[in-house]
Structure formats: structure tokens, C-alpha cells
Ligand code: HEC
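The chain that follows stands alone, in the form predicted alone, written as C-alpha cells.
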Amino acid sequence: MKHTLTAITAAGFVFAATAGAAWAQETPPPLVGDTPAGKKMAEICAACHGVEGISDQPGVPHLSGQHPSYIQAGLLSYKDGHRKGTRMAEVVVGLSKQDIANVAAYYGSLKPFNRIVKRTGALSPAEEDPFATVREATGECAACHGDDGNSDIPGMPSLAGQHVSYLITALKHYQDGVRKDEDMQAFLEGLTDADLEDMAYFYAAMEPKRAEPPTEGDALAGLAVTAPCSGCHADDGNNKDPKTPRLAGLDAEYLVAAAEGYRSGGRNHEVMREALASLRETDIKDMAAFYATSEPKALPVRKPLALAEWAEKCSHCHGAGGHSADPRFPILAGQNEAYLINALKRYHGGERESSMMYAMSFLMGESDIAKLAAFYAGQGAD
């Protein structure tokens, strides 16, 4: 799971025309095609798309059984220059609108391409859980910090809902020995920067929970003590600065220990040392009690979707499993996998024109695109 902290969905792959209601309103009704004439005309397409509309070339879409009106829209889009593709543009430039309708009718009359494949077996862990890979690393942390980053051990900090940048910095400091903790250094040994980034994103995306009520300290008195801290940590400890830790809901025992670490120099941070230098032990306990009883708020971090969740979003236009019954939207079930990956990447990058598909796909990560394409390519006939 490698993040651009981007991520997806899909709504129209094969020959991008305009999608949704706008498609129906702005696109003229498709012409009625002549199937026998289209079969003859399709001979020029066979080299790439196969004699029967089943391509054996990676990255070239299957056309057999695709909605004729959708094929028409795609070919016309190449003809008028909205779709970019030198080879396709050269093929369709000499075709009339009726020729295009005939070709579309021919391919639409063939047996659907999804008859040739059928997905088998259960979903893999990575398809069911978008965090499956990173959990291999965070599993080592769960004993102290909890499966989802919410620790239930006194003296241990929760990591859920912390800023990504802060967590990355903290993890690197433990890894490099800037923060002194032999156990943490051992756990993090050998992990790459990308591993640390994935772990940080995982914890940032988790819903934070408030720690158990503290047994020491006066939270109300702590409100006054923390007033000077609000500039960095916010009034309630839910600060927005990505480089500053969030304190709301953290375990009071941990907060006291951290404060003592800053005061003694065990944690090297001059600003924090000066801020805490004049506080009494009771002040620190009151401050810790205040933050521990503050309600932590989740960060606006998009949690990656599992394959089933992405497919559900796509199904609104393309039907369950990509078996589109709406002629405005292409059938995806059984489509060429390499083609689907390429199409989604082009929508993601804005190279294919479709406001709907761009909006749906610009959040996609590469792994999301690959999983979704493999899913639809593996769907067989109903």
C-alpha cells in the first residue's frame, strides 16, 4: 500500500464519452446501424480488436457485445478529436457517421466478451482490507499501542488520529536514536522511509478514542495551566499543525512522563523545555488530566477503500460486477485488464475527457487502479 495519499472509483472506461445525465442530454441519439455492413467494415479493426471483437493484445479493449451506442460515442469522439489516439484517429477519419453506426451494430451483435473469463476464489486480504500490507508492520506495535492505534495500557500513547508528519518524524527519531528507547529502535530497525510513511498514514486514518480517566490531577485546574500551550496544541489539544502532536485524549500517565522527559532534557526540545520549566509537579498532573479528558477528534484523512467499496461506487453506473445494462455506460466485466488500467490512469491524469470520471478517479492510488482493473477483468458472464 504505497500512498501518494491519493487514492478512486470508476465510471466509464472503454471509449470515454460524456457520462451521466449530461451524456443523454448532450449526445444526439445514436444512428441505427446495419450489422452485415458493419461486419465488412470491421475488417479494418480486426488487426487490433480481433475478428470477433476479442483482442489478444494487452491494452486493447474487447468490443464484442459492448453497447452499440457507447461504441458509436467512442468512435465519434476519436473522429472529432476529443479522444486522443493517433492510430484510432487514422482509422476513423475516413468513416462516415453511418459507417461508425454499422461497425458499432456489428460488435454489439456479437456474444459478450465477458463469456471468456470468470473470477474464481475468495478475495485476497489486500482486496478486503486496504491496510492489509501495512498491518504486517503495525502488528509489531499492537501489543503496546493497540490494533488500531488506541492503547489501553497506562503510560502508553495512543497513535490513532495523530498527524502524519508528526508520526513520521517521531518514528524516524526513534529509529535514529534521537529519541532514546531501545524497544522502539529494535521494532523499527530495517524499516524504510516508505514503510514509516505507510505506518504513519495508517494511524492518522484511525478513529481516536479517549484514554481512561486519570486517577490524579484536576482537569479544571489544568485548563488554566494549558492556556499558554494553546498556540501550538489548540485549546482542546486537537491542533491542526501537522508537525505538532495532538494531545487530546492521550493517557495522563504518558503525558506526565513526556513532560518530565522534556524538563529533564531526556527529550531534546528547547521550546518544550522552556514552556515546562516553571511548572510544579501538580501543574503537570493537572495539565495531563485536562488533555486526557478532552475528546479527541478524527483527522480529515481519507481512509482507503477496500475493493468491494470501490466496486460498489462503480456499480451505480456500470452495474454490479461491471455488467452494465445502461447503454450510456460501457460493460466492464471481462474487459482487457491492461486496457482498464491504462484507461483509469488516463482519467486520473485528466488525459481522457470526462468530468465524472476525473472526479471519481483523481483520488486513486496505483494499487487501487490495479485491484479494480483486475476485479473487472476477472468477472464473467452473469
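Everything numeric in this text was worked out from a predicted model, so none of it was measured. Numbering starts at 1 and follows the sequence shown.
Separately, the form predicted together with heme C exists; it is not shown, and the next lines address it.
Chemist: Does heme C come within 4.5 Å of any heavy atom of residue 271 in the predicted bound form?
Modeler: Because a heavy atom of residue 271 falls inside 4.5 Å of heme C in the predicted bound form, the answer is yes.
Chemist: With the cut-off set at 4.5 Å between non-hydrogen atoms, does residue 140 touch heme C in the predicted bound form?
Modeler: Residue-level check for residue 140: yes, a contact with heme C.
Chemist: So in the predicted bound form, does residue 264 come within 4.5 Å of heme C, heavy atom to heavy atom?
Modeler: Looking in the predicted bound form, residue contacts with heme C do not include residue 264, since no heavy atom lies within 4.5 Å.
Chemist: In the predicted bound form, does residue 334 have a heavy atom within 4.5 Å of heme C?
Modeler: Result no; residue 334 lies far from heme C in the predicted bound form.
Chemist: Can you pick the one in 287, 105, 204, 211 that has a heavy atom within 4.5 Å of heme C in the predicted bound form?
Modeler: Residue within 4.5 Å of the partner: 287.
Chemist: Only one of 156, 132, 110, 223 comes within 4.5 Å of heme C in the predicted bound form by heavy atoms, so just point that one out.
Modeler: In short, 156.
Chemist: What residues in 338-366 sit within 4.5 Å of heme C in the predicted bound form, counting heavy atoms only?
Modeler: Read in sequence order, the residues that approach heme C (within 4.5 Å, in the predicted bound form) are 339, 340, 343, 344, 346, 347, 352, 353, 354, 356, 357, 360, 364.
Chemist: Specify closer or farther for residue 209 and residue 309: how their Cα atoms are spaced in the predicted bound form versus the shown form, given a shift of 3 angstroms or more.
Modeler: Compared with the shown chain, residue 209-residue 309 is farther in the predicted bound form.
Chemist: Where do residue 306 and residue 194 end up in the predicted bound form, Cα atoms closer or farther than shown, with a change of 3 Å or more?
Modeler: Result: closer.
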